[in-house]
Structures are given as structure tokens and as C-alpha cells.
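First comes one chain, alone, set out as C-alpha cells in the form predicted alone.
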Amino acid sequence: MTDAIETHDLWRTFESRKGFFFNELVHTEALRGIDLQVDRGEIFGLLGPNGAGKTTLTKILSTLLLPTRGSARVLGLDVATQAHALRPRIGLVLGGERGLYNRISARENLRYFADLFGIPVERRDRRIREVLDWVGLTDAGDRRVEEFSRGMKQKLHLARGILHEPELLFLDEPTIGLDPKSARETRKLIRGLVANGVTIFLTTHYMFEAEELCQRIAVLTRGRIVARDTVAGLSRLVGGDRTIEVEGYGFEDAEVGAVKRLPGVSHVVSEEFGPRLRLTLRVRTPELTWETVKATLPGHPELALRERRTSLEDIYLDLVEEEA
């Protein structure tokens, strides 16, 4: 069986003009040599700061945008030359307020999109009932979409995305702006899709969401993928799954250097909080304890120390900072 997604040296360059007479041609490299592989049946997460190229990559993979060079195959089909055959097999959920018709009902929205997808009339209404029930909108199916909350609209977006039973679903920040209850319900629906054999390609800014849902994660910044692995693998990459935070007043450079040289410390980040300074240590070995760190800073009896698991947010910030 082919991979769900496979790209090789994928580039996308945009051209624009600037200057008083718009006579200066500017080339912007949104994607720079993307190599990516996504297995069938997994939830694959793509993380990155604004402007990193996440939306550009998603648009190329979903056949909305052509690459400048390189290749991309989705479900074994080339996105540039076989888009017509690929589109019926994939779904795209961008979310937000756009993409729905507010002055008609949810059921009428889905009927319209079902006709666009080419779903036969004899099974169209049955399929609409199925997806409305699956996303929990059965009772609201005949209400106008303009009466829906943001969470209900997001569920309707999801219903539209799976209406034609795609093999692969692209989800671009599916829970952005949702309250915690609606976001949790959406994540539950996403896990249900995978249980039914759908592959998910997810972009999100919510680290805890990616950590909860995704088997593997790629970090994209400045048009390049700087890391891809499981959360555990990424933890090892940035220096360990343990983090020790030390907070105090007026650390000298020599003291910070002594902390960096402690056995097992792979990375130290300094942050200022008013008059206080926080040192965040990535730790590779279990032998190093916060007591050892405290003993390295004897001139600071007021130290506040705590140990915690390295989170995906820590990993992400380390990778993006290192690339910058």
C-alpha cells in the first residue's frame, strides 16, 4: 500500500512586485525543499509559526496550489498531474466563518455540497443524516446556519469535509476559537474518524492538541521542516524529557555557565521576569536532581525550583529558536 502523503524536494516560490512603479520583482520562498512521508491511518501533525508555510503546504497537498518544483503524491496520485482523480478521495476543512451559507439550513448546506461532490441522489439524504448525527447536529439540521454558534459551525465544517467519505482529511486549525467543551468534542470526532480508517493531516497552533492527537509531528519554520518524529523522539532531539526550572535574582554569567556544565544538562534557556531571571534546563539523565542544581548556586538562598516533564511546547520553542 502506498503512503498517504509523500513529497520530495518540494518548493513553492511566490512572485510579487514592489516599489513606486511596481517594477521591482520580489521572489518569496514559502517552501524550501520539503521531504515528507505520512502513513495511512495516522494523525500527522504539522506545527509552525505564522508565515512558516503550513497553509501553503496544505494547499499544495490538497491540489489548490501547484508546487514550483519537486514532487508530491497523495494516496499514490501526483497532485499536479492527477488532481482530478485525487480530489474525490480527499477532504479539506479550513474552518472559521467562511465556506458555509448562513441564510440556509445546515441540511441545505450539506445537500448543496453533496451535489458538488457528485453523491447520487438516492443516497444523498441518507448520508446527510449520517454525518449530522455523527457530529451531533441532528436536532439543529433544519436551523439556519446564521443562528449557529462558532462551535456548531465548526462541526458543520467537519460534516461537510467527510460528507463524501474521503480517505484522507486535511484539517487546518480545526479548534481555533472554540471554547474548551467544543474543542474537546471536535478532538473526539477526529479520533473517531481515524478509528474508521481515515488518515488525518492536521495543522494547529495548540501544542497540547497535537500532543494529544498526533502519532507523529513535523515542525515547519521558514519553509523548511526542522524536525519530525514522535513526541518522545522530539524530546530526545532537544535534549531530554525532563525540564528543571530555576528562578532567582541576579545570576552571574559564571553561575549560568556552571549550570550549563552540569552533567546531563543539554540546553539552557534564560528568560527575564521583571527583576527575576528564570533558567530552564533540558536534562538528559535521571541522575541530575534539582538539589544538585541548587547546590551549584549557593549564593541564592531564595531560589525557586521545580521539575516537570518537557512539554511539546518546550520542544517546539527550542526548535524554532534554534532555527532562527
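This structure is a prediction, so every number in the text was calculated from the model and none was measured. Definition used throughout: the rigid core is the maximal C-alpha set that superposes within 1.5 Å between two forms. A residue's number is simply how far along the shown sequence it sits, counting from 1.
In what follows, reference is made to the form predicted in complex with a small molecule, a form of this protein that is not presented.
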Discussion item. Phe14, Thr28 and Lys54 - do all three of these have some heavy atom no more than 4.5 Å from the small molecule in the predicted complex?
Written reply: yes
Item to complete: Please name which of the stretches 45-53, 66-74, 263-271, 278-286 has residues with heavy atoms lying within 4.5 Å of the small molecule in the predicted complex.
Response: 45-53
Worksheet item: Can you check whether Glu185 is within 4.5 Å of the small molecule in the predicted complex, heavy atom basis?
Response: no
Worksheet item: Do His205 and the small molecule share at least one heavy atom pair within 4.5 Å in the predicted complex?
Response: yes
Worksheet item: Quick one: is Glu167 in contact with the small molecule in the predicted complex, heavy atoms, 4.5 Å cut-off?
Response: no
Practice prompt. Indicate whether the small molecule has at least one heavy atom within 4.5 Å of a heavy atom of Glu247 in the predicted complex.
Written response: no
Discussion item. Relative to the superposed rigid core, does Arg17 relocate between this form and the one not shown - that is, does its Cα move 2 Å or more?
Written reply: yes
